[in-house]
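One chain is shown next in structure tokens, namely the form predicted on its own.
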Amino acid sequence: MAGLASAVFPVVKMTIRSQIFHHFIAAAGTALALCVCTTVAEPGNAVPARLTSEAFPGGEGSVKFTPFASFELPATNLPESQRPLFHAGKALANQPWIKAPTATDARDGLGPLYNARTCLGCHINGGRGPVPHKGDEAIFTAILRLSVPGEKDTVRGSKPEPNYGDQLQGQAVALSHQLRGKIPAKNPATNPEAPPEARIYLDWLEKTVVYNDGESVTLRSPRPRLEELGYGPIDTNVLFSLRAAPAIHGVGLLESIDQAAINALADPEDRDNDGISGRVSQVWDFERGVTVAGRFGWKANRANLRITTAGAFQGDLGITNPIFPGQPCTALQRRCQRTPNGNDADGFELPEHLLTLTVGFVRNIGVPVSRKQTAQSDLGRTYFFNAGCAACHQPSYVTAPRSGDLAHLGGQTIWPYTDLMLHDMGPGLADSRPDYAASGSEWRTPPLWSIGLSAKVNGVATLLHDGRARSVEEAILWHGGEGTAARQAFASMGKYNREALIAFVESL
């Protein structure tokens, strides 16, 4: 653990990663299952004493969640001089983009193909995006990634589907689409407008899990169904991955964690034989032109917030920018390529200063303070550690020093409960779609902070990468692979103890 000055927990003797966990370092991530871990702590082992700082997961920037919970409030310690820029960036993230060309050249250029008109159209109030529960509702605040088997693409992370690329867009700026809500005629001679790529629906499969005490839980998993393909047949070997929009609060703090601290937790060969082999993802940095560590996205496939934000503008809204200057059209989508764009004099629809403004907004969203602890949630904290959940959902970090406009993000004790690394979650959660270093069954550990506020923020309490879990309990029960032993530990508890662990997680 040399060099990990970010530790804030005292030394605790546990069987979980005993060679590494002298100090329970915490890391950060973006959201998936709960206890991605295997080895269960021995009964009676010490649980780290609660620290005062745990009540403020976002450090000095933690924000209140009363009277209204929100994941788009500025961090409390954001300097007053930067607040006007924060709110300008927030307005831009809420701004609906429109079809080009128009006289309003500051916000035209939507599409030609897109999934949403605004950034916060998917990340509603900064929170998670819902996935439809009914099979006749097309998805809107989630995306469907595509690829085909074959040699990995070093730059894009996977091999795109030839006709449809690496992501399906379910909407288009075609007037006939807007008026009728249907894909227009595919014949370019009768309709030169670019149609949406497809309608995406979800069919849900269910299974029941029964505890030893007789209690049962129904789990569900989605199966994408495509209708009205707009650009011909799709490859028969295509690989799908449904991705729900994650919450975006606290990501500036996650970005501020020293990569060396994350690297020190990695154990790709599982040399300590604890059943956990966390790996640091390796992805392409589109600005520097080199391979670097990834930490954002469900499979940690983005290097930093700037690339993450720019990629969402291009892939989800069809807005070109300095990092991703091309339209979201494949080489075979000629009508899409011929659609007028909203590029300004600099050659982009989103110029550099507006990209910077949006990134600044996202980077400075505060994390709500934790909920008041009860006797039950305090007991659940003990079960959380004893079950081994902290082996991957690392509790805390001290962020690296930062300077200038980012100084308020540095030196903060934060409690995200994640390690930002890839873990094999087993076949139950696998999408079979590789993405850069991540295999088809590997996912990045998501942060757990503010998880209990999700429903209050925007009514969406679903979890995991595809929104299949409707509760913390369901998310835990989906754990496989490296999370099997933790799931088994949870399942073997009595009902009150299970509810106590859940209460603790929802208080974070």
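When you see a residue number, it is the position in the sequence shown, counting from 1. Keep in mind the model is a prediction, meaning the values are calculated, not measured.
In what follows, reference is made to the form predicted in complex with heme C, a form of this protein that is not presented.
At a distance threshold of 4.5 angstroms between non-hydrogen atoms, V505 is in contact with heme C in the predicted bound form. The shortest heavy atom separation between D108 and heme C in the predicted bound form exceeds 4.5 Å. The shortest heavy atom separation between P57 and heme C in the predicted bound form exceeds 4.5 Å. Within this chain, F71 is remote from the site of heme C in the predicted bound form, having no heavy atom within 4.5 Å. The candidate stretches are 79-87, 390-398, 405-413, 224-232, and the one lying within 4.5 Å of heme C in the predicted bound form by heavy atoms is 390-398.
Proximity to heme C in the predicted bound form, defined as a heavy atom within 4.5 Å, holds among G342, G360, P246, P195 only for P246.
Contact with heme C in the predicted bound form, defined as a heavy atom within 4.5 Å, holds for exactly one of L453, V472, V63, V460, namely V472. Of the residues in 134-150, those that come within 4.5 Å of heme C in the predicted bound form through at least one heavy atom are, in sequence order, F140, T141, A142, I143, R145.
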